[in-house]
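Just the one chain here, laid out as structure tokens, in the form predicted alone.
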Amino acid sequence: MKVKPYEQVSAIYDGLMKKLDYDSWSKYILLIAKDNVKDKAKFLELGAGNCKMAKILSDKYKNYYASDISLSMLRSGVNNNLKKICCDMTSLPFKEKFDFVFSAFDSVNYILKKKSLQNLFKEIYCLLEEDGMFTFDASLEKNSLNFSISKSTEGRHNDYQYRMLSKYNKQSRIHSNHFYIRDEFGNEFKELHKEKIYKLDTYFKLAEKEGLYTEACYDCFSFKDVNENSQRAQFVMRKIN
């Protein structure tokens, strides 16, 4: 049975991400925010998923909103004290402005069309305070080429069995993850997740068109400039004055 992205993966997500260091990733985001926003800043996370990072960051920044397009992922999180909003990051429903907007886990790569990516930057421009900041990471082609070498991953989590098959098409620059999931009753589900691996220039140009400039572009998890060997880039953007 085919289902929407993350409808069933939400049940095995912790198993898939068991090696992910949420604490270190959160500290990295906090370092980016540290000298740029005050403790009472209004935070918005896009693609918050199960809100594990939101739980860590909201201890520091209390005025915190966690959003994701997948209701299943938001519901899978244990922290019900967070303000959670189910929405598409390319069409955000907020009327208030934010001091700091960010996205992690290459969520932006799930935006498959340039026009939609440009819409994201348009939305961010409208939501940011004048001195606000937008930061996000993006998976680069080097990561897809390396990751798709080990094509299949299998595991078990929460009475679910799963297999993930990863493929990368260099021509279309689409990285696809095929999930085959079986629950404890023998029901089988298929999910297809697609990510677009944009060139760095695409982000710079589309953001600038919508009034955002790139203040920094780091080799992710560091404060060194992105380079040809980078597998992931961390963008830091502000409004053009």
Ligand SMILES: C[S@@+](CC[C@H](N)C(=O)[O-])C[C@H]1O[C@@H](n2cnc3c(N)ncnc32)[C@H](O)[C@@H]1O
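When you see a residue number, it is the position in the sequence shown, counting from 1. Bear in mind the structure is a predicted one, so any value in this text is a computation, not a measurement.
A second form of this protein, the form predicted in complex with this ligand, is not displayed here; the remarks below concern that form.
Item to check | The single option of Y125, Y160, Y110, F94 touching this ligand in the predicted complex, heavy atom within 4.5 Å | outcome: Flagged contact: Y110.
Item to check | Partner-contacting position among M164, A104, L117, L140 - heavy atom within 4.5 Å of this ligand in the predicted complex | outcome: Among M164, A104, L117, L140, a heavy atom within 4.5 Å of this ligand in the predicted complex occurs only for A104.
Checklist entry - Does the 4.5 Å heavy atom contact test between Y218 and this ligand in the predicted complex come out positive? => result It does not: once this ligand is placed as it appears in the predicted complex, Y218 has no heavy atom within 4.5 Å of it.
Checklist entry - Quick one: does E129 come within 4.5 Å of this ligand in the predicted complex, counting heavy atoms only? => result Contact with this ligand, no.
Item to check | Distance check, M89 to this ligand in the predicted complex, heavy atom within 4.5 Å | outcome: Result yes; M89 sits at the interface with this ligand in the predicted complex.
Checklist entry - So in the predicted complex, does M133 come within 4.5 Å of this ligand, heavy atom to heavy atom? => result No, M133 stays farther than 4.5 Å from this ligand in the predicted complex.
Next on the checklist: To test your reading of this chain, name the stretch in 198 to 206, 178 to 186, 61 to 69, 31 to 39 whose heavy atoms come within 4.5 Å of this ligand in the predicted complex.
Outcome noted: Partner-contacting stretch among the options: 61 to 69.
Next on the checklist: Suppose contact means any heavy atom within 4.5 Å; which members of 1 to 36 contact this ligand in the predicted complex?
Outcome noted: Counting only heavy atoms within 4.5 Å of this ligand in the predicted complex, the contacting residues of 1 to 36 are Y6, Y13, Y22.
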